[in-house]
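Heads up, the chain below is alone and in the form predicted on its own; it's given as structure tokens.
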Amino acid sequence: MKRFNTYDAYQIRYDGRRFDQIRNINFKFGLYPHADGSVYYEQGCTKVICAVYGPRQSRVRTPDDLCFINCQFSLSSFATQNKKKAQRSMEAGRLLERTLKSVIDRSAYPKTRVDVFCEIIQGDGSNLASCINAASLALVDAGIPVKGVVSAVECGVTRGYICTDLNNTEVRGNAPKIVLATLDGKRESIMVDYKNCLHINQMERMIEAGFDANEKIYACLREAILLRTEELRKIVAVKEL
């Protein structure tokens, strides 16, 4: 059955969003009591569990004795029907680790390690971007010193239109896509990952769309951190009574 093209007819996507509209974001802190920081994160129908352990003593030494960052990205067996999970998990894990290394103040805890575990329990597009956002909240929850709040979004071309925060239907195929990460919502990228062939004119427009979307996502993450800070402040005040 052929699907009606709402992109051309009504300038909206199949899930009812505008081209520049992000999905709803929900979160819950303190999912794992034994972790130093943890969060359950939803971005649309993409659901992520992230746990942070550390800083703790490490047997692994970096050449400059800075804090060693270990990131693991995994897809649950029931999260997606895609068969190339292992290869994609390794690639996403490297990008996640590279992004967090540029954000964490590794000199604050020399000769230690921080372990970040992200698991997709339901994949509906923008999996890597959602994991970066979840890890950003989990790091703050663990009290790890960071240079700022990192946010990420996946943008791509769908039916000739540039869309942000892609869902599972939109990430399929060979259309151009990028994952863009920024710090504190600024219009400066700290990580860009390109997929498929991309024209220079499309790249500039997609990056601008990614910057706009990251400003919205950063505002959501910042609000989540403020709510968590207030929650912890109340817990400490009760314990001191």
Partner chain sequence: MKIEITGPIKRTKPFETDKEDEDIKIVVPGSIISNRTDFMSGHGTFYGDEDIVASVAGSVRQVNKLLTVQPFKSRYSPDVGDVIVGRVVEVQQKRWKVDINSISEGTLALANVSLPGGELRRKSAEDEMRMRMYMEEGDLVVAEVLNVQSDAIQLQARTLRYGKLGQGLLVKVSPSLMKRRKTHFHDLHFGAKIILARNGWVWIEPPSDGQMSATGGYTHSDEVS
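Quick caveat, the model's predicted, so the values are computed rather than measured. Residue numbers count along the first chain shown, from 1.
Beyond the structure shown, there is the form predicted together with the partner chain, which is absent from this document and is the topic of what follows.
Trainee: Using a 4.5 Å heavy atom cut-off, which stretch among 203-211, 174-182, 190-198, 47-55 contacts the partner chain in the predicted bound form?
Mentor: In short, 47-55.
Trainee: Report whether the minimum heavy atom distance between D141 and the partner chain in the predicted bound form is within 4.5 Å.
Mentor: Answer yes; at least one heavy atom of D141 falls within 4.5 Å of the partner chain in the predicted bound form.
Trainee: Consider T112 of the chain shown here, and say whether it contacts the partner chain in the predicted bound form, taking contact as heavy atoms within 4.5 Å.
Mentor: Contact with the partner chain, yes.
Trainee: At 4.5 Å between heavy atoms, is V149 in contact with the partner chain in the predicted bound form?
Mentor: Heavy-atom contact with the partner chain at 4.5 Å: present for V149.
Trainee: Check whether E42 has any heavy atom within 4.5 Å of a heavy atom of the partner chain in the predicted bound form, and answer yes or no.
Mentor: So E42 does not count as contacting the partner chain.
Trainee: Whether I69, Q72 and I121 jointly form a contact site for the partner chain in the predicted bound form is the question; each needs a heavy atom within 4.5 Å.
Mentor: No.
Trainee: Within 4.5 Å of the partner chain in the predicted bound form, counting any non-hydrogen atom, which residues from 197-236 show up?
Mentor: Stretch hits, in order: A219, C220, R222, E223, I225, L226, L227, R228, T229, E230, E231, L232, R233, K234, I235, V236.
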